[in-house]
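Next up: a single chain in structure tokens, the form predicted on its own.
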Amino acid sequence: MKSPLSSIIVFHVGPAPISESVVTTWAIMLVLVIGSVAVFRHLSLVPSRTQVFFELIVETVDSQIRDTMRLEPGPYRAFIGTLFIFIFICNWSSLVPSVEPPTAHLETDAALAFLVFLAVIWFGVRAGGLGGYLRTFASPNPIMIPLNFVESLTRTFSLLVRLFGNVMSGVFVIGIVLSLAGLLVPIPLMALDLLTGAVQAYIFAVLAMVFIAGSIGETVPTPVPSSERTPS
């Protein structure tokens, strides 16, 4: 069995090697883009079952943003929703024969964690300006600036490690059991791995919301009206 840290190189673009996980990631991105365009082009006032399903996903994401960030979901829906759906599909791509989830590789998880790191800065600066965002590092007092800065880096690293460790370990364990016990025995483990993949996508998205909310919490937050808040 190959190392879980290794990547199979499929081809090269100039000097840059393109691994199997990158190709899988591109394929998932293409499916998501085509699917989004197809759903958008068939929206109607009388929704079909497919439209109702996707509207339910949007409403669920909005509700989670309100409950977690205590803000209007509009500015954050696209990023958080896309992040969750992409990770969810990546984790469940193991259902396709001979496909290894891109999130079982460090490069994919590092890119996702880096996107969250950039989103924290983007939303923080957009909410309160550069000065307002930088002032969050001085909370609760200026002596905390170095520690808050280090925290912003370590929590990004923790996102990478958490997602990579959970997804990779599931794939690795199932591979070992499959090689030793045959085809049918790993099925319960695969079901557990799918559940873990869904939970990890949810946790990653929630942590991204928490980090973004923290970056704008002391700038110019837009509170959710009490009449629109989802009951807890």
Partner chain sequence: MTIDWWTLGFQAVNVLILIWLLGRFFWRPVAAMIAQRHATAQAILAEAEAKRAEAAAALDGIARTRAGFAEEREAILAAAQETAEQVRAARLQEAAEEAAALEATAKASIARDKAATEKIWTERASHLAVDIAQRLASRLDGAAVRTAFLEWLLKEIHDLPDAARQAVAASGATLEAISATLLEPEEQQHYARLVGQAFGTNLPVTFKVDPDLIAGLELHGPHLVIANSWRADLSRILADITHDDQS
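Bear in mind that the values here come from a model prediction, so they are computed numbers and not experimental data. Residue numbers count along the first chain shown, from 1.
A second form of this protein, the form predicted in complex with its partner chain, is not displayed here; the remarks below concern that form.
K.L.:
Could you check which residue among 121, 144, 110, 99 gets a heavy atom within 4.5 Å of its partner chain in the predicted bound form?
P.N.:
It is 110 that has a heavy atom within 4.5 Å of the partner.
K.L.:
Taking heavy atoms and a 4.5 Å cut-off, does residue 61 contact its partner chain in the predicted bound form?
P.N.:
Yes.
K.L.:
At the 4.5 Å heavy atom threshold, is residue 165 in contact with its partner chain in the predicted bound form?
P.N.:
Flag for residue 165 set to no.
K.L.:
Consider residue 81 of the chain shown here, and say whether it contacts its partner chain in the predicted bound form, taking contact as heavy atoms within 4.5 Å.
P.N.:
Yes, residue 81 lies within 4.5 Å of its partner chain in the predicted bound form.
K.L.:
So in the predicted bound form, does residue 198 come within 4.5 Å of its partner chain, heavy atom to heavy atom?
P.N.:
Residue 198 lies outside the contact set for its partner chain.
K.L.:
Only one of these stretches, 125-133, 91-99, 147-155, 112-120, has heavy atoms within 4.5 Å of its partner chain in the predicted bound form; which one is it?
P.N.:
It is 112-120 that comes within 4.5 Å of the partner.
K.L.:
Which residues from 14-36 come close to its partner chain in the predicted bound form, meaning a heavy atom within 4.5 Å?
P.N.:
15, 16, 17, 18, 19, 21, 22, 25, 26, 29, 32, 33, 36, in sequence order.
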